[in-house]
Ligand SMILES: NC(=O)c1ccc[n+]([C@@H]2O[C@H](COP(=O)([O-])OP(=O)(O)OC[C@H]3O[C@@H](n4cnc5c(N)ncnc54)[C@H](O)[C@@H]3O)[C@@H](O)[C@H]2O)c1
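One chain follows as structure tokens, the form predicted on its own.
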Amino acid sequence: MASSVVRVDLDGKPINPLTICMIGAGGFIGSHLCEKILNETQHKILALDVYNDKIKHLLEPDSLPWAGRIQFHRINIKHDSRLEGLIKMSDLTINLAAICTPADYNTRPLDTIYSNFIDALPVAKYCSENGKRLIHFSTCEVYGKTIGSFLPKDSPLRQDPAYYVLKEDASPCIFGSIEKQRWSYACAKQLIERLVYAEGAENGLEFTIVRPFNWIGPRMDFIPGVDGPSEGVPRVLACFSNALLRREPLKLVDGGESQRTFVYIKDAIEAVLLMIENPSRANGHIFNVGNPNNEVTVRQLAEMMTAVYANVSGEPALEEPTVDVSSKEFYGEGYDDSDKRIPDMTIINRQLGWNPKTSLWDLLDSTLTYQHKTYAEAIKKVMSQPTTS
């Protein structure tokens, strides 16, 4: 329940209640952010999305302690005239809307580009024209490949953080060739970042750009055939969770040698609330939000998830828990990847004093406990149904 005590910002100044227009409120990040805002603050939320499954528990019944502080508007921002009016009604707009599943970048490159660039244009435009603050969610994928990935494999420079740690204000953004359509997402996200930044420089838009580095936790993504399409390919954690629930080997694309860092959603949401409530420290900045201490290869992630799930479920791991597949086989033609994504945390630590807390083992334990509790029985029912020829 939200505290009646007056909240203060990092400089000790009282925080006035805000009206927040949250686009994409019904998704993974949006649902956790809505929960935190309603539980800990007096801010109001205009929740915009096509679906509200992940926030239904926040919308009903009217007896909830935050009743009247959240309104759901079923809107597709591609073609809804209500968007500008809702932005005008708000003090702050948070744009979370995106197609952000790697399997879609090759198979739906046009949808990916339109969703992440074209559809975001009106949001930036309306915020700029109406003098409204914008927190825009981008991605760590805008960095593309590291400089280190182009060095010889035996080069000692590969160990130098200058060649692989990603800095908001210094690291180049290196993408693959045009035929590698996997980079359609990253290019669209980078271009909308540049437009938002230009609106700030030329027209005075107050903005903050967030670059998430693999935010993980309950309600992330979908489990194919249960709460998403049976033919869908979600992101890596949900892919691995789906395989564990079905007692199938975890598929390692190109050997699972890519390295990633993972941060717990509840840690990351703390950072976003700091951005919301400290505009003087957050405006005009791009923030990496990740946990450089939770770095593993995708193969190591698979091994950890297998061990954690055995503890959570009580089921023994498969004798052969993983299987290698090629990126072409898994994602199709045009796939490419980055070798490492390790965030530099200097700016967010300096401006907002934020550091992540949760270890990779603990965040996987929390997530897989939720996955097992929520989906195990549904998976069994799906698998027990006779197949039709």
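Numbering starts at 1 and runs along the sequence shown. Not measured: the values here are computed from a predicted model.
From this point on, the text means the form predicted together with the named molecule, which you will not see here.
- Taking non-hydrogen atoms only, residue 59 never approaches the named molecule to within 4.5 angstroms in the predicted bound form.
- By the criterion of a heavy atom within 4.5 Å, residue 28 is counted among the residues contacting the named molecule in the predicted bound form.
- In the predicted bound form, the named molecule lies farther than 4.5 Å from every heavy atom of residue 181.
- Contact check for residue 185: a non-hydrogen atom falls within 4.5 Å of the named molecule in the predicted bound form.
- Contact with the named molecule in the predicted bound form holds for none of 309, 364 and 372, as no heavy atom of theirs lies within 4.5 Å.
- The partner is absent here; in the predicted bound form, the one residue of 278, 106, 139, 294 having a heavy atom within 4.5 Å of the named molecule is 139.
- When you look in the predicted bound form, the only residue of 305, 100, 209, 269 with a non-hydrogen atom within 4.5 Å of the named molecule is 100.
- Listed stretches are 46-54, 356-364, 61-69, 343-351; the contact stretch with the named molecule in the predicted bound form is 46-54, by a heavy atom cutoff of 4.5 Å.
- Within 4.5 angstroms of the named molecule in the predicted bound form, the stretch 68-95 places a non-hydrogen atom from each of 75, 76, 77, 78, taken in sequence order.
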